[in-house]
Ligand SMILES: Cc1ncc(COP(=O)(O)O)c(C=O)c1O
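Only one chain is shown below, in C-alpha cells, and it's the form predicted alone.
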C-alpha cells in the first residue's frame, strides 16, 4: 500500500471515528436493548457513568459482555452466560483463562515477594536468563524488562537510536506498535492513528508497504506486493548508486510485526523478513521484530520470525509473557543493551515478582516437548474446518493460517475481492448473541482474526465452526 493510499484510509478512519462518537444517553439506550441479564446491564450502566468512553468496550461491540470469570476457552458474564473465547485477551491468555499452573505460581509468589521496584530479584534474573536462551539470537544477548508491549517497543526504539546514533525508524503500513506518546507515530493501523491529534509523536518515522498475497497485483491495492520492499531499498540509496551503503543512511532500525496482528492477522510472504534482513545488513540498520502478539507459540513456533529462517537484532515480547499479568521484555544483542549506563531506563513496575513467577509457569508450558506440535495440529484442524465452510459460504474470500494464527477476509464478490465490512459486523453481533466472542480489523474493516487459546479443546473448535456456519448463513442471506 502506498503512503497516499494509507493517508486516504486514515482519513476514512477519522470520518468513521467522528460518526461513532456517542453520548452517555445513546450508550444507555444500547444497554437497554442488549441481550444480557439484569446484573450485566446494571454493571454496564455503571461503566458508562464512571469510565472514559474512549476505552475498547464501546468500540468492539454495541455493548460488550461484562465478563466475571473464565475457565480455559470459556468465559462467563455477570449473569452466568457462557461464551467461547476467541480473543484470549488479544493473545494474552494463550494457555486459556486461569491456567492452573499460572494460578498456582501467582498464589505461591504472592506469599513471598510482590514488588521490589525496578531492582533484581531471583525470579527476574532467572527469567532474563531463560529469555536470552530462548530468543534464537546468536551470540550474547541481554534483556530489558517493562510492563506492556507499548513500553517494550518504545524501549527497543530508544535503544536502537542510542546504539546507532541515528534518528529514523521505518515501519510497515498497518502495523500496530502501541498507543503511548512514544509509539503512536509507529502505529500505522489507520483506525488507531485517527484517534490522536498528532500521529507522529515518536519523532523521525518513515513508512513502507506491507505485502500480502491476497491483494497483491490489484491496481487499486498497490503496495501489497513485494515491490514495496524494492521501493524501500531504493529509498535508502541502493547499491547501484554512489550513495548506497551503510555509511550513508540516517535509519536506526526497521521495526515490524513478523505477521501483522492487530490489523487483522495478515501473514506476509516468507520472503518478507528475509528481504528486510538483507536490507538491514546492506545499510547497517537494526531489525526490530515486534513479537508481542505473534511470539511464544501463537504461530506454531516459539517466535513467528523463525518461519523465515532469519535472526533479528532485537525482539519485543509481552502479552502471553506475563500469563495475564503486566510484563514485557526487550531481548537484544548484548552490545545494543550495553551501550547505555546504569539508570538510563527505569520502570517502577518492570518485572514485578508476581508477573515473573507467572511468566515462568507460561514458559514451562510452552517449551514442553509436545506443546508446539499440538498447537500446529489444532491449527490445521481449525483451518480445515474453515476451508470446508468456505466451500458453501462465498463471503469467505481468503484464510491466513499458521499454527493457531488464523485470519479470515470477508468479501462480497470473490472475483473482485470487494471488501464486506458490514457483513462481518453482522457476523460478529450475531455470533455474540449465540455465545461466541470475536474481534474485527483489517485495512478495509473486513478481517476476522481468530485468537483461541493455544490448548483449545477440539470440541470447542467444533462448536465454534458450528456457530460460524449459522451466522455466516444469516449474514450472507441479509447481504444478498
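What you see is a predicted model, and the numbers here were worked out from it, not measured in a lab. Numbering follows the first chain given and starts at 1.
Form predicted together with the ligand: not shown, discussed below.
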*May I ask you to choose, among 296, 314, 351, 153, the residue with a heavy atom within 4.5 Å of the ligand in the predicted complex?*
153
*in the predicted complex, which of the listed residues (141, 355, 93, 262) lies with a heavy atom within 4.5 Å of the ligand?*
262
*Considering only heavy atoms, tell me if residue 407 and the ligand come within 4.5 Å of each other in the predicted complex.*
no
*asked:* Contact with the ligand in the predicted complex for residue 292, defined as at least one heavy atom pair within 4.5 Å: yes or no?
replied: yes
*Wondering, does residue 378 line up within 4.5 Å of the ligand in the predicted complex on heavy atoms?*
no
*Is residue 176 close enough to touch the ligand in the predicted complex, meaning at least one heavy atom pair within 4.5 Å?*
yes
*Counting only non-hydrogen atoms, which stretch in 225-233, 176-184, 337-345, 107-115 is within 4.5 Å of the ligand in the predicted complex?*
176-184
